[in-house]
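Let us start with two forms of the same protein chain, each given on its own as structure tokens and named structure 1 and structure 2.
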Structure 1
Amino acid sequence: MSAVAVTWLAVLGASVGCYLLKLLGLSVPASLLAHPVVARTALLLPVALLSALVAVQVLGGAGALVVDARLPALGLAALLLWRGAPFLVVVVGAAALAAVLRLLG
């Protein structure tokens, strides 16, 4: 098989796999959530995953932790959220601070 065909197979195969995982999750019967431990865990899962995503997005590098303009930008985002700023203000504010800090070098 050519390299291009193998890459296509990986692209399409992984896409099908990712879709089936999404559908599987949505298809789990709601009665399963009746158990208190499962219910608590299901509520905590997005909290845990999103928090991990924040951490990796802000400090992650190629196989190492990297402190750069993303960290003060996240601090500004947290401050704005604490002050009750709207979503777009938080996101644009963080991006603008990171861009300015990088411009200043």
Structure 2
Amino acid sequence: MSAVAVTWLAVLGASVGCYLLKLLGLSVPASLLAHPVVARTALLLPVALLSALVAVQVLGGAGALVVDARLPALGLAALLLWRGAPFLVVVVGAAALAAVLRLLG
């Protein structure tokens, strides 16, 4: 089997798995979802997952912890978000800082 076929099988398998997971989520009883602990966990879980994704993207690299221009850019983005800056300003400001830091060395 070629590498392309294996890749497509993996994509199709992941797609079916995601669909089944979504169906499983829809079958959870409403009484369970109304429980305060479950509701609070469901509210905070996306924030934790997105934070983990950001941390991996900012600090990860070649199987090791990497601190480079991305970390100060993330700090600037957090600062701008905290100060209530528009999203476009946050993205452009963080990208500009990362670009300048990479240009400087």
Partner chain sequence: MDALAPDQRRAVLRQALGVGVATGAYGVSFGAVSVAAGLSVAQTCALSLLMFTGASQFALVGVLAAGGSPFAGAATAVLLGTRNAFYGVRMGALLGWRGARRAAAAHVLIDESTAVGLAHASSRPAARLGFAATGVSVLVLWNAATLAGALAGSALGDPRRLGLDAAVGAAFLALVWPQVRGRRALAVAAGAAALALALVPATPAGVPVLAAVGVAVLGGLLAPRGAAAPRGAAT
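Note that the rigid core is defined as the largest set of C-alphas that superpose within 1.5 Å between two forms. Numbering for residues begins at 1 and runs along the sequence of structure 1. Note that the structure is predicted; figures quoted are calculated from it, not measured.
Peer 1: So which is the form predicted alone here, 1 or 2?
Peer 2: Only structure 2 matches the form predicted alone.
Peer 1: Align on the rigid core first; then say whether the Cα of L88 has moved by at least 2 Å between structures 1 and 2.
Peer 2: For L88, whose C-alpha is compared between structures 1 and 2 after core superposition, the shift is less than 2 Å.
Peer 1: Provide the displacement, in Å, of the CA of L23 between structures 1 and 2, taking the core as the superposition reference.
Peer 2: A shift of 5.6 Å.
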